[in-house]
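Here you get one chain, nothing else, as structure tokens; it is the form predicted on its own.
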């Protein structure tokens, strides 16, 4: 059985006081669940804003992994405002989001940029969560699978498969991020199946083990049905990850 994951992307939200309260509430919720309840996902992951990475690492329960929302592809240099995968590794931050739709749409990141960042993460020993997904216009045009596979293959062609030994792929239909719209379980499963089949074409054994996450308005009400699909191994959660009760409820829906 795959280890399921619930990852929370806090985006540009949070403060020191928020972290203190969230960490305290989350520790209480995890302790209350108990080690034998079988209700909380075995792996929890939080992606806070960059200034809060070290605080999150020190404040959140030790069983919660911490990741950054972005990296630069270079190790070091004159790149004001950026951070490298090596910096994350030096801080004990083991994860990074790569290729999120907001990075692609708002900051013009290309598939080539995304591939270079995955390579950078692998170089530094940081696990990458590669985000892929189509816009509503692309879906309506019948190009959803084409777009998602182009995003995936652009990375695999450059970075290879080794990063997937630890990393994950998150399918986030752009039209379902922060909109309240959610892909139906069938729609989500269909695309996850497409992704796993594409990976199987390169390495069947690896494809069977890679964890595929669904993201896009995941909430406590729809989590169980989404996570019940055969190729969905967990979720990349947005707004609901800012509320401990919702985040834990989603985690309890896994498995």
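In this text the structure is predicted, and so the values were computed from the model without any measurement. Residue numbers count along the first chain shown, from 1.
Although not depicted, the form predicted in complex with a small molecule is the subject of the following passage.
- Among heavy atoms of residue 176, some come within 4.5 Å of the small molecule in the model of the complex.
- Proximity of residue 222 to the small molecule in the model of the complex falls outside the 4.5 Å heavy atom cutoff.
- Among residues of the shown chain, residue 246 is not one whose heavy atoms approach the small molecule to within 4.5 Å in the model of the complex.
- At a distance threshold of 4.5 angstroms between non-hydrogen atoms, residue 217 is in contact with the small molecule in the model of the complex.
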